[in-house]
Each structure stands twice: as structure tokens, then as C-alpha cells.
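Below sits a lone chain in C-alpha cells, taken as the form predicted on its own.
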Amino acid sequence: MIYFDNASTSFPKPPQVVEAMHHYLTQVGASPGRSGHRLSVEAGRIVYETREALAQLFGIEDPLRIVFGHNATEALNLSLNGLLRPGDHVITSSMEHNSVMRPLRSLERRGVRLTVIPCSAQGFLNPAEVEKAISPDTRLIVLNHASNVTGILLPVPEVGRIARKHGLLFLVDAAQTAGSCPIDVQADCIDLLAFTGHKSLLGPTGTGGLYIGPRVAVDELDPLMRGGTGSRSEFEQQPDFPPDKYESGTSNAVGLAGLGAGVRFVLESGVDQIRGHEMRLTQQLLEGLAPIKGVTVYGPKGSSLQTATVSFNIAGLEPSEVGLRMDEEYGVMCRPGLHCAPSAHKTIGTFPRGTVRFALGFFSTTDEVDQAIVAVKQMASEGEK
């Protein structure tokens, strides 16, 4: 089996992740922050150490400004629905995932003005076009750090500086890059960072969160839900401080134990080393696909310009057929279709057909890339007939 679906969920996980979750379930098991007994205290310590590890990874000064949730989608919904009001203006790009576009389209129907900056057919975004779109009612700029379709890295540092210059908030969707590309919220002028645990952070599904920077007024960011937090239980009003304001209900502590182990694995391995390994594999894949007749590769086609995600099509074959046969005949697990990002596919010219996506990861190997290239070559030769 060759697993090339890491842009959806990374696999395999480091053994430390499994061990941390097993330890929690067999030795801890209690709810963090809900009691004063030793097991609850230990559960709380595990969750807080996960916050600390993430803060170290992203250059965050205060771990308590990291709010945990189920995934990046929840974090993005918290940011967009919690901040934007009728009459506000928000700017985004045409390469966004539906976890950004769908909340924004919903808010647009409720009076929020939306500007979508067109990217090039390769997915490149011109920061100058973002700056030109700013108006007196602009409140927020939101971008994904990298496309989940082509892997292209958007100009986050440049747009962050533009947002800061104009006094705007900057929200970054790091679902595709957290753990595999360097992220520094201070240097990149990021006010809100949405991340998910189950991709390059190497944790389990059902984990993720949002960093809320000091420029975000907590009293202006409404929670998605309200309820028990384990704090201020004498009041029937929601606590007004992070993370408690945004973490109602019992947390996924066993998942956060696994996420903490995944983040520590990333820190010990080194993000630069992870990025370097994935860049080498991406370049190998791009160079192997380029000469194959009938194969069209989309995106920037340069490993330094993208994550380890590569989208392509084979002439004469539908992406769904390619995806199925890759699994059944060649043992290559990949994802065909529109990847929950129709705007991105319209940008690169593959809507409504979609593409075949190979998404490599830290545990992918050069031999696996070679085998996948051979599989594409064989299928492309059949498509010519």
C-alpha cells in the first residue's frame, strides 16, 4: 500500500501518538478541569502541555490564547461568524477551501460584503491586488496558507504585512501547512491561525484549534456555543476570557493527548527537516510526471512554491476512474474529485471535472514516488489508445 492522501489525513501516525492516547485511556481517563482529584489534574496537565507545544511550534507567546476544537473548519467558523457583522467587508482569494467559502457566502447573505481576489491559472495571488481591494469598511483578510488542491503556498507574510499596515485583522487557514511548513505568527503578522491536528501535525482526527492573537478583542469575538467550562460555575453567563470562553463542554482529551505527542514529534524532527524531505519527494514526483504524454499537472510545478500536494489529470480518463484504479490495481491511495474546493478548481480550469491528487507526507519514500510514477505512466499509455 502506498498512502498518498496526506492532505486529507496523515497516515501512518508516529508510535508516540498511539502510545499517548493509550496511556490516557488506560491510566488517566478523567475530564480535564472538571475536578480536583489527581486524575483530573493529570488530564488538565496533558491538555495544557499540548497548548505549550503548539505555542512553541507557531511562535505564540501565550498558550492560553490557543483554543481547542474539532478541526480547522470549526476554528474558521468561530473566527468568521464570531467577528464579522453586517456592513463589514472581508477579503479572500479564489483558491480557498469550502471551510472558508461556505461560511463567507452565508455571511454575505446576512449583510457582510465579500471580495474574492482572482488568482492566476497556476494559483498565484498578487498581494498588490489584495491591497487594492481594501476599503474603509474592510475588517478582515482571510487566506489559506497553502491550497489543498495544488499545494501552492500563498503569500501569507506579504499579505500579513499589508493587513497590519492598514490596521486589519488577518486570519490564516493553516490546515495544509501546520507541521510541514514554518509558521511564525509574530513574523507573519497573523492575528488568527486556524489549524487541524490530523494532517501534518500527525495527531488524530477530531482535534484542531484556533490561535487568537492579542490584536483580537475577545469581547468582540463571539463563541460558536456556550455551556459548561469547568470555570466560573457560579455564573450563568459564559466566561469572558480565553480559552474558556470558546471551549464549552468536555474536551476531546484523549485526542489532545495524541495531538500533543504528534506536535512534539514534529518539534523533535524539525519543521525545516520535514519541509526539506517533502520538497525532495515533490520535486521527484513533478519531474517524473512532466514527460508523461497525456498527463497535465496543475499548480506552480515547483517544490519550493508548494506543499507536497500535486494535482494532475490523465487524458481520456476521468479522475474518479484514475483514483479507483490507482487503489485497486496499483495500491496507491489518492483522492480524485473537487476536494471540497470548487473555487480553486474554477481558478485552475478543472471545474467541474476535478483532478487526481497525490498528497505525500513525512513518511512517504522515494521508492513509493517511483512506483506511483510508473502507475501513472501505465495508465496514461492506456488512455492514449
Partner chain sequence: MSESEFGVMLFYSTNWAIRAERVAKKAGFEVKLIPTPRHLSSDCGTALRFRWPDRDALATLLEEHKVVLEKVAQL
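Numbering follows the first chain given and starts at 1. None of the values given here were measured: they were computed from a predicted structure.
In what follows, reference is made to the form predicted together with its partner chain, a form of this protein that is not presented.
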query: All three of G323, M333 and E382 touching its partner chain in the predicted bound form at 4.5 Å, heavy atom to heavy atom?
result: no
query: Does its partner chain get within 4.5 angstroms of any non-hydrogen atom of F351 in the predicted bound form?
result: no
Residue contact check: A30 to its partner chain in the predicted bound form, 4.5 Å heavy atom: no
message: Would you classify S233 as touching its partner chain in the predicted bound form, given a 4.5 Å non-hydrogen atom cut-off?
response: yes
message: So in the predicted bound form, is its partner chain close enough to P342 to count as touching (4.5 Å, heavy atoms)?
response: no
- line: Exactly one listed stretch (355 to 363, 60 to 68, 325 to 333, 22 to 30) reaches within 4.5 angstroms of its partner chain in the predicted bound form by non-hydrogen atoms, and it is 60 to 68
- request: Report the residue, out of P243, G82, P103, G213, that has at least one non-hydrogen atom within 4.5 angstroms of its partner chain in the predicted bound form.
  value: P243
- prompt: Quick one: which residues from 45 to 60 get a non-hydrogen atom within 4.5 Å of its partner chain in the predicted bound form?
  reply: R45, Y48, E49, R51, E52
